[in-house]
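Heads up, the chain below is alone and in the form predicted on its own; it's given as structure tokens.
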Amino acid sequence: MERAVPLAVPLGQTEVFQALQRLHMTIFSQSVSPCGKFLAAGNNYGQIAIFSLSAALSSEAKEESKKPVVTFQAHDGPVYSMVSTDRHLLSAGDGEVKAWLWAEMLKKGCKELWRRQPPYRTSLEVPEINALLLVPKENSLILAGGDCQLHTMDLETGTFTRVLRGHTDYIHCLALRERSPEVLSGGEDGAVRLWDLRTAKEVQTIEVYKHEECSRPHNGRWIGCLATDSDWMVCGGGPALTLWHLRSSTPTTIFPIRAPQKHVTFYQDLILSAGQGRCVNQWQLSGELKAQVPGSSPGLLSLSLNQQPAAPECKVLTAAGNSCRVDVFTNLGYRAFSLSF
């Protein structure tokens, strides 16, 4: 009987596989550490990479400084959303949210602290969790996604305390009105819904696509991004990127950009948006385009502003999407460099 000879693995096969992975990578989510010196990025392969912003921004930075300090497998599927508390990184994938200790993540081989699954209608249902939102005043986390519902989890006990129902299709995005205990949600049904967390009731609905000035039927009705600032909301997706006055449910500014936007945020007296295309767009509240700053990815899915007071030297904007790179903007005028998985 002939002895089996083990097959030799061709040299470079691992490198080829890794290169193909990077070529087809999408970075869905980002979150800055509580100290402001590190950035977590989550991709479509379920991996989370931790980058050292302080090392990459140092005057002595080398090419190696722009690579992850550590990369680990966090979920079986994509990491759709991440947020950070004062100690933990929370990450969401298909049907689950996990917690990781920031202090432990910088050590290789870190393990999840806990994992939770919202109470879905059937055990066979594993919907993606597209959005996570911290509500600091009540020490809770809101999750939303493919089951068309908002789930609230008490971060102290890990129990799910309420479910908010109203959307008729899956939810893409969440935003918190900080001055009042209210949350906004936007989704595939084309509606932005405002929820009062005290009563767990829907108190306002804006069906954006029904407003003629916002409607773009060729793009669909879905709401892919939203942000709030006091009585103001900006949202976009299929319909045009639009600034709304919430009390009167009135659109006040239509931003002149054709490409659907996937992320939007208020920053000082500006609105920053990104989506299809490689540019980060800077808007005046009046609707005037102040600047379009090109990045390295063909499409952008997330923007992150590092405004942690503990690390003013790491105050940057980062943008990521359809590539293995995270663009770093040290000021809003140009891309300084890119971090890379």
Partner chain sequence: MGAVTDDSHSTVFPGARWMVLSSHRPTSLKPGGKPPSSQQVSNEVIRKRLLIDGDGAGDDRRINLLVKSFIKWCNSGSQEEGYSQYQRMLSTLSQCEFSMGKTLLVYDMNLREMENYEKIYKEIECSIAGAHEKIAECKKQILQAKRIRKNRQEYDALAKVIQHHPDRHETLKELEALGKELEHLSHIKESVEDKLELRRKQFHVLLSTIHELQQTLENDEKLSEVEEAQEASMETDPKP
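Quantities reported herein were computed from a predicted structural model and do not represent experimental measurements. Numbering follows the first chain given and starts at 1.
Same protein, other form: the form predicted in complex with its partner chain, not shown, and the subject of what follows.
- Under a 4.5 angstroms non-hydrogen atom cutoff, its partner chain in the model of the complex has D269 among its neighbouring residues.
- For K107, no non-hydrogen atom is located within 4.5 Å of its partner chain in the model of the complex, even though that partner is not displayed.
- Although the partner is absent here, P251 lies within 4.5 Å of its partner chain in the model of the complex, judged by heavy atoms.
- Mapping the unseen interface onto this chain, D229 counts among the residues with a heavy atom inside 4.5 Å of its partner chain in the model of the complex.
- With the partner left out here, its partner chain still marks one of 280-288, 298-306, 42-50, 22-30 in the model of the complex; by a 4.5 Å heavy atom cut-off that stretch is 280-288.
- With the partner omitted here, the residue from K201, R115, K210, H245 that has a non-hydrogen atom within 4.5 angstroms of its partner chain in the model of the complex is H245.
- Of the residues in 191-225, none comes within 4.5 Å of its partner chain in the model of the complex through any heavy atom.
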